[in-house]
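Next comes just one chain, in structure tokens: the form predicted alone.
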Amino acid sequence: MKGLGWKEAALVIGAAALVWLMLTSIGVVPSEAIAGLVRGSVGGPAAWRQTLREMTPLLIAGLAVAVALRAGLFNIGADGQLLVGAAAAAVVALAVPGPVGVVLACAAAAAAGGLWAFPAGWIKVARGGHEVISTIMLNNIAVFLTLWLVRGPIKDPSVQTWTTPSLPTGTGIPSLVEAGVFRLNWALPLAILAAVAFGVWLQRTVGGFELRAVGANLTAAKVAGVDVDRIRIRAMVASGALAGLAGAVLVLAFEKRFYSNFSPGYGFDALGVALLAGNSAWGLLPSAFLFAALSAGTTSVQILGVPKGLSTVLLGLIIIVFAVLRYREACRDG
């Protein structure tokens, strides 16, 4: 990236000044808050464990949103797809314990997420309905549907809280590394491998070229003979399937059950992960790590009086700054 112009430099300085003003206005020393963010995200084995745990579903869900974005679609429904995927994974894993149940649970989660995304893709292609509206509506339906399930049909009858029974011992995605308080689950390297595979597929296959063509210029893709409608529906279904898989990972690797208010907003954060990564599949890795680190770090600095919402503000400012810088580069190249 070439040197910053004065406008871009002013934007960066202004964003930093805004954060500084917010912190000082609530009586927090900015340097202490920054130090706390670092300690809470990468300051020790426990901090790394939490950051990498947060990164895992964010990377998979970010990949889900990225697939849709490359087809020119905004999948705002990743959180709902994650929820139905997580619920499906819990039901299957409870019914079929052991490694076979883990595989079936992942397949069920992907199928549930894909099916949940399909109506938005179909409405877009067949009726011209905007996918942002349809996926947001499907999010609300997913929230109430899974809440009804966990309050009734799949609820653990032995407890008062709205939760499924815990998964049987031996049913789940195991840890790759266990060293003291540090844990690294197999799900993260598999998620990284999936992001790398998507990048390779996108650049080196006919299907990847068609997906990029549809997202880059719909009219040109049609003229070139690409079946635009088929590509868009497939992209939305694949996006939903990956989001559902993110829900399965949360259940199988970390939570070991499904419960009400299961997602703190991973699906919505995933949109930021994908947008920050831009058009690069490889960019999903540092983007997901940044989101995860800020989430873990802001949790730890709440004892200083810093609100949890600080991470949302920081991420929003970062996305705005990067979007402006990318636009500037695009204008120079174009």
Partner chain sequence: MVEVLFASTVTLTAPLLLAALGGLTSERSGVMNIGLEGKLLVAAWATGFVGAASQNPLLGLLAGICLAVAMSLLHLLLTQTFRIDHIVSGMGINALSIGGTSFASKGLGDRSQSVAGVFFPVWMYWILAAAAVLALALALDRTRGGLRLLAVGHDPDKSRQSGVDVGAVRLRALLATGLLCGLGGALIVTNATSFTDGMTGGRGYIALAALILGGWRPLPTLVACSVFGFVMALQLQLQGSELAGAAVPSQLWGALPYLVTLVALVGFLGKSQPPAGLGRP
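Positions refer to the first chain, counted from 1. If you superpose the two forms and keep the largest set of C-alpha atoms that fall within 1.5 Å, you have the rigid core. Computed from a prediction, not measured in an experiment: that's the story for all the values here.
Not on display, but discussed next: the form predicted in complex with its partner chain.
Student: Looking in the predicted bound form, is its partner chain within 4.5 Å of a heavy atom from each of Gly36, Ala47 and Ala195?
Tutor: No.
Student: Just give me the single entry in Ser166, Asn140, Asn261, Ser175 that has a non-hydrogen atom within 4.5 angstroms of its partner chain in the predicted bound form.
Tutor: Looking at Ser166, Asn140, Asn261, Ser175 one by one, just Asn140 meets the 4.5 Å heavy-atom criterion.
Student: Consider the chain as shown here, without its partner, and state which of Gly278, Pro30, Gly265, Pro307 has a heavy atom within 4.5 Å of its partner chain in the predicted bound form.
Tutor: Selected option: Pro307.
Student: Can you say which of 253 to 261, 238 to 246, 128 to 136, 91 to 99 gets within 4.5 Å of its partner chain in the predicted bound form, counting heavy atoms only?
Tutor: In short, 128 to 136.
Student: Please run the contact check for Leu115 against its partner chain in the predicted bound form: heavy atoms, 4.5 angstroms, yes or no?
Tutor: Output for Leu115 is no: heavy atoms all beyond 4.5 Å of its partner chain.
Student: Taking heavy atoms only, is Leu285 within 4.5 angstroms of its partner chain in the predicted bound form?
Tutor: Contact with its partner chain, no.
Student: Evaluate Leu190 for contact with its partner chain in the predicted bound form, applying a 4.5 angstroms cut-off between non-hydrogen atoms, and reply yes or no.
Tutor: Because no heavy atom of Leu190 falls inside 4.5 Å of its partner chain in the predicted bound form, the answer is no.
Student: Considering only heavy atoms, tell me if Arg230 and its partner chain come within 4.5 Å of each other in the predicted bound form.
Tutor: Outside the cut-off, so no.
Student: Cα of Ala46 displaced 2 Å or more between this form and the one not shown, core superposed?
Tutor: Shift of 2 Å or more: no.
Student: Align both forms on the core first, then report whether Val28 has a C-alpha shift of 2 Å or more between this form and the one not shown.
Tutor: Yes: Val28 shifts by at least 2 Å between this form and the one not shown.
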